[in-house]
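The chain below stands alone and is given as structure tokens, in the form predicted on its own.
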Amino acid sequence: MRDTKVVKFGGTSLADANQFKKVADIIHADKTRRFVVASAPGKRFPEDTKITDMLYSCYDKASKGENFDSEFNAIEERYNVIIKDLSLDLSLDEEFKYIKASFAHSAGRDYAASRGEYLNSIVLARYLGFPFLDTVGLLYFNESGEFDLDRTISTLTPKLATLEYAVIPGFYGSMPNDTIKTFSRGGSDITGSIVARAANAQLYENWNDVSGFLICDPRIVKDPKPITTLTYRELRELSYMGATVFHEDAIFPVRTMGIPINIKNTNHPEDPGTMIVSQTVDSSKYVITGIAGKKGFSAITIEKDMMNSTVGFGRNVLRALEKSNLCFEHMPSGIDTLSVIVNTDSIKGKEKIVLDEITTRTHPDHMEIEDNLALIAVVGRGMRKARGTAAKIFTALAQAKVNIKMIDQGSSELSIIIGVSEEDFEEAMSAIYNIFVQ
């Protein structure tokens, strides 16, 4: 189906009837946009509440045996207003009745959350005149709750081959016992990628309220430049470190097929957006492709003489973390020192247990935990060929009077990770952006 585009629309793109009309114009403007993946209605204005959050709140009350009529009525109203404003001959009364009864009988939080996409897809399918294709029995998770791509593709591909067009709800699939299982937040991106893989699409368009990726967070840097082309690997680095335009796991289904992803803006469809590709010969206008970062990290620093000649030292440190069910982010080291960067929330309340376990296994000379760290990733395929990239970063931070707590650079030279105090985070991001872009 190489003449096929799979298009996914985010919550803000489908928040109300006016947005539905924009979405319909986009789809009807290109006949190759055959399979549409829909999110639940998002915020209509900054103070609004997403339907998914409304469903979670409603179900929480239901699961406690409390009256949830008011909350459920508000959810019904959101959909009925969209239906009315679109002048659709459609009633969701039977669906509402069934969902409400399921809430009362503790159908589960995953089921509750999934109904946002389910109902919105029914409405969008009727508005577009497309068939509605539910993902239950088509997108599969295994007994462990892990997504089963092979089984899904073997079922979904022949089903799509029988359809010219379809609207498909994002965010969920089914477990072997036929219960609903959802992806993590932003999981409709993943559904779109899966559908693109199953359809062997020529392009996966991901529509939301931004015109692609920006080099830096616009809440930190005013009017940052856009990123026109991004590789899968660069996307992974930036998404993991806080860039939230596109779910980082959504690249995996399409990557092996080489299907490009285009991040587009529903409110400005004429904007080119950002193309995400497996590899590119196009060089970025700047040495770096993007900068991303986030707060909330802690560093466990371990000092021990002759650490470098102690066989199994690093393994024993990681075993100590594993015993407390902790993952690590980075592990920069020197001859006699080693630092392990972990998420602060994950280690909270376990500090003494972890330190005692490391002490038992490694007998360090000194050890401490430092909180309130932020990590910044400077990412770019062009850094490998550019001399002095690291020097420019360090110069920018020095001029901004930002103290560097940690440095970690992968062997691929695709990214440089810098640790700074949380209080210096925004200043550091701005300084790095300005030295490369301004």
Ligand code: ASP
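The numbering used is simple: start at 1 and walk along the sequence shown. What you see is a predicted model; the values in this text were computed from it and never measured.
The form predicted together with the ligand exists for this protein as well; it is not shown, and the discussion that follows is about that form.
A.B. asks: Among Lys225, Arg185, Lys285, Lys323, which has at least one heavy atom within 4.5 Å of the ligand in the model of the complex?
C.D. replies: Only one option qualifies, and that one is Arg185.
A.B. asks: Hey, of 64 to 72, 370 to 378, 385 to 393, 34 to 42, which bit sits against the ligand in the model of the complex at 4.5 Å between non-hydrogen atoms?
C.D. replies: That would be stretch 34 to 42.
A.B. asks: Flag Lys405 as yes or no: does it have a non-hydrogen atom within 4.5 angstroms of any non-hydrogen atom of the ligand in the model of the complex?
C.D. replies: Taking the distances in the model of the complex, the answer for Lys405 is no, it never comes within 4.5 Å of the ligand.
A.B. asks: Is Phe171 part of the interface with the ligand in the model of the complex - any heavy atom within 4.5 Å?
C.D. replies: Output for Phe171 is yes: heavy atoms within 4.5 Å of the ligand.
A.B. asks: What residues in 44 to 80 sit within 4.5 Å of the ligand in the model of the complex, counting heavy atoms only?
C.D. replies: Read in sequence order, the residues that approach the ligand (within 4.5 Å, in the model of the complex) are Lys50, Thr52.
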